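Shown here is one chain on its own, the form predicted on its own, set out as structure tokens.
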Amino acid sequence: MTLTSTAGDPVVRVSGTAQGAELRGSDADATVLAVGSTGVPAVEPLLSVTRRGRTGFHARCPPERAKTIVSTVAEAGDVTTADPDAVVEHDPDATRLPVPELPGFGVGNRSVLAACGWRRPTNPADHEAAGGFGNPDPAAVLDAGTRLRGRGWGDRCQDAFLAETWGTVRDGDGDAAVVVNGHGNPADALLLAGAPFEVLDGATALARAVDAERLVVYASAADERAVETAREAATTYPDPPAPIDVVAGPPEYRAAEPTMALEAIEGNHRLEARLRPPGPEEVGLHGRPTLVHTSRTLAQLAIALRDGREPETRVVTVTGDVAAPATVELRESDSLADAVDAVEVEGTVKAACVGGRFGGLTRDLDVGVDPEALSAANLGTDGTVHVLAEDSCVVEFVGRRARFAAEGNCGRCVPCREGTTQLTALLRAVYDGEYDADGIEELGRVMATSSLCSFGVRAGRPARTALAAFESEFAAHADGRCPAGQCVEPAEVT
């Protein structure tokens, strides 16, 4: 089976918008396809026109301009006639996005993200043409787990190799379950919305390897496109080893934590972290041995099985003080600076909070994106980089993160519940001249070593790392001065 032919009339792809349906109603002789986001919304709506192995890209293309472009190209038969922003020569039957020279595409490569912005997300023919829907030997799947590590804080095996946990589930008592956790991270939602078959390929291969009887895709109800696309993909996925259910969970940040995700899937309205041991791999969804992996982890598995080698890449989303966020795929040898190169920073970079809501703050972007390098730098590995521009106040920033933790924790364990409240108070006291660096450091250490789940373990990290990298700014605030000029009131973190 081949992808939509590009040998005859132009093939038009529209990424990041719903205007594909509108274009399909035009009179031009062109095939119009609605594809998912590229992960670089700064260039979207992105219109690409392909003919005979050549694609012209038109960035930020409104519907009126798109109609003119389609008509012009269809009449001339030349994708360069409508003044595209970039042109790429490629295989006429390309199944992955030919990367254009446009802002946001200049770093890394695209393996896990290859389908995003090119294939129709729920079209089985597109995915099959790319080599999808394979039926790998379970032994090969389990072997791949000895070399792959989990991605994201919603993954039960974050940064850990997967094989041991898979073995526990395979050998456990009761019918196993596999949960795709697409909640809480923009890259996981992007994959569910733009390349759901890649995720399902990994999930179904894993389900066969551990003899799972249930497969659940879980995402935030706030990510409507991810939920809707995953549901459509689940209905068209050929011959899954178990019924595929798609569950939309509450949008709260904590709902992505693996055990709270299970609570949400089971329909419990009060989300609390589960005591462990036993972990979900022993007693998980409705008491079943359960694997909980993020979309990124399972898409990585699918690509590894298809290519016969693990893609040594990391999917990273850059946000914060930037003109528009971007999700890029970097080689593990690339750095945080490479990730930031994918976006337009609003000013100069002062710092970055690396690794999710409770990541670590750093001035140094010359740090690799592999988990060892990030952990050695006391940064997080969740796959996000929040940029702070020079006029941002790190004290105000970490204060808001602490307050979010105090208001958003589940309340199950004392170190997290009380610790986040005390941390907020300690940071608020800085504005009153009571700067207790040792107290903040000690509280963060206690939370990190005694909290029940990753929420509490990491909630103190923004403050602790900010103290290490920006100690003078805390001291300045205690003296009544904000070096960034942002904190005009003495109680910015209340």
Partner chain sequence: MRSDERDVDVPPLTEGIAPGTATDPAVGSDGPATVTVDGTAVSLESGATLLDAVEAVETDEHVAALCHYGREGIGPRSECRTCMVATDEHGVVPACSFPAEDGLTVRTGATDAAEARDVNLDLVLSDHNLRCTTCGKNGRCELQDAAIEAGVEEPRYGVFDDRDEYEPLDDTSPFIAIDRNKCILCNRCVEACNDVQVEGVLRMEGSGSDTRIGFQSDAETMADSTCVSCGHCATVCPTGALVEDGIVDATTIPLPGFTQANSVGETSERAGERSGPMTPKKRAEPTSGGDGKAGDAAGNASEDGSDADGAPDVNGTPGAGVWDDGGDWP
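Remember, predicted model here, so these are calculated numbers, not experimental data. Residue numbers count along the first chain shown, from 1.
Separately, the form predicted in complex with its partner chain exists; it is not shown, and the next lines address it.
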item	value
Segment assignment from 32-40, 64-72, 48-56, 435-443: heavy atom within 4.5 Å of its partner chain in the model of the complex	435-443
Residue 277: touches its partner chain in the model of the complex, heavy atom cutoff 4.5 angstroms	yes
Non-hydrogen atom contact residue 122 with its partner chain in the model of the complex at 4.5 angstroms	no
Touches its partner chain in the model of the complex: residue 266 (any heavy atom, 4.5 Å)	yes
Contact of residue 422 with its partner chain in the model of the complex (heavy atom, 4.5 Å)	yes
One residue of 76, 324, 389, 414 in contact with its partner chain, assessed in the model of the complex (non-hydrogen atom, 4.5 angstroms)	414
Contact assignment for its partner chain in the model of the complex, among 220, 409, 185, 381, heavy atom within 4.5 Å	409
